[in-house]
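Only one chain is given next, in structure tokens, and it is the form predicted on its own.
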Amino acid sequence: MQYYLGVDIGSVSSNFVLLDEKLKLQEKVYMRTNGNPVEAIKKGYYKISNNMTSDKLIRGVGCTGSGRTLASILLGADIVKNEITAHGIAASYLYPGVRTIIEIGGQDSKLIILKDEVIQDFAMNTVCAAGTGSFIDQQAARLNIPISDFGDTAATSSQAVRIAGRCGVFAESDMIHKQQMGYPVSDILMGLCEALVRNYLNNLGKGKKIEAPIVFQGGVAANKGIKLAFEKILKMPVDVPEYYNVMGAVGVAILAKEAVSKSGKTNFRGHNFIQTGDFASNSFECKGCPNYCEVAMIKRDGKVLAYSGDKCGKWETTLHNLAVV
């Protein structure tokens, strides 16, 4: 059996999947990036390929996420795509006819509008922390509630408390005030879920027509309280995929199969290249023009693999480097 490897390297999590020839998910790895994407790529690849008898079984590789350039350099990708495209492809494959994709991760959130399985519009929020997984993690820790219990506890609420959710700072202070007034924790948590959903819809959904079918993916989709809040406010059912937290990786794995089918070959570098090499990265300021670009340089065993970050392409074109779209 041959596989297609999908890799999604984000600021919080790094996700890896293996799809078979029929695009059925066979293996998945969801792990923390921990601020070191190079090490995350090496560890993630080792975990997902550990049961393979040969790296020749990997027929194609696709990369996405904020660390997609780095991942493509280390692994040898056949296709590199942005997160919007990757999430759209995965949702459309699993839910034909999907019209709206809600994606909330650890540090950002996205809203994707589709028609006839083609992306028509999208919005991203990478600035405000309110509504992201990291903010929910912080509030769970402050209330001494395991993050795995957050959604289930919120779902037991009989009457959600109104929480100001326009800003993470205001939401936290409002929660503390409601605690001091003696409201049940479940009502406060459900109130926070609804506040975060209102914030999401006010920021990303402004001016956009949200229609069913709706798919909710990303790490925060595990939170039952957030799902219920979306359904209550939108007055529409919301579907959560079985592999909600690795949908970006699933999307680029599907695209990798298409790319390899067209080219007839793969750029995958192989197990030895990834696991035995000593990878390092640093940066320097290019003074070739007034832009003064901060150029990132990736090395393996002291040899430069690729450059990125230069606006004019002066450094990138000096070495073979997969174009990122």
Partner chain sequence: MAKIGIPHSLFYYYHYPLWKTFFEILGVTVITSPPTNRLIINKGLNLAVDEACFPIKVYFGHVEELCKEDIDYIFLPRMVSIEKKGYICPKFMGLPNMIKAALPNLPPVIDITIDLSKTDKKLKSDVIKIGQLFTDDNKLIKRALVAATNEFYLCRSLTKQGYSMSEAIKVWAGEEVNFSKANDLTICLLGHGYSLYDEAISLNVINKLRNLGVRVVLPEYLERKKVEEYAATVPKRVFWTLGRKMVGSALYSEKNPEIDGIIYLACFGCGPDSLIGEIIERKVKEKPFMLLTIDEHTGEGGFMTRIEAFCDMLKRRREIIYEGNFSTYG
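Residue numbers count along the first chain shown, from 1. These numbers were taken from a predicted model, which means no experiment stands behind them. Rigid core here is just the name for the largest C-alpha set that superposes within 1.5 Å across the two forms.
There is also a form predicted in complex with the partner chain; it is not shown, and the following applies to it.
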Check your understanding: Does the trio Y3, A212 and P237 actually contact the partner chain in the predicted bound form, every residue with a heavy atom within 4.5 Å?
Key -> no
Review point. Q120, S148, T156, S173: which sits within 4.5 Å of the partner chain in the predicted bound form by any heavy atom?
Key: Q120
Review point. Does G182 reach the partner chain in the predicted bound form, with heavy atoms at most 4.5 Å apart?
Key: no
Practice item. Although the partner chain is absent from this view, report whether E83 comes within 4.5 Å of it in the predicted bound form, heavy atoms only. Key: yes
**Study point:** Non-hydrogen atom contact F284 with the partner chain in the predicted bound form at 4.5 angstroms
**Key:** no
Check your understanding: Does any heavy atom of G207 come within 4.5 Å of a heavy atom of the partner chain in the predicted bound form?
Key -> yes
Review point. Using a 4.5 Å heavy atom cut-off, which stretch among 284 to 292, 267 to 275, 38 to 46, 22 to 30 contacts the partner chain in the predicted bound form?
Key: 284 to 292
Review point. Is Y46 one of the residues whose C-alpha moves 2 Å or more between this form and the one not shown after the core fit?
Key: no
Practice item. Examine G288 after superposing the rigid core and state whether its CA is displaced by 2 Å or more between this form and the one not shown. Key: yes
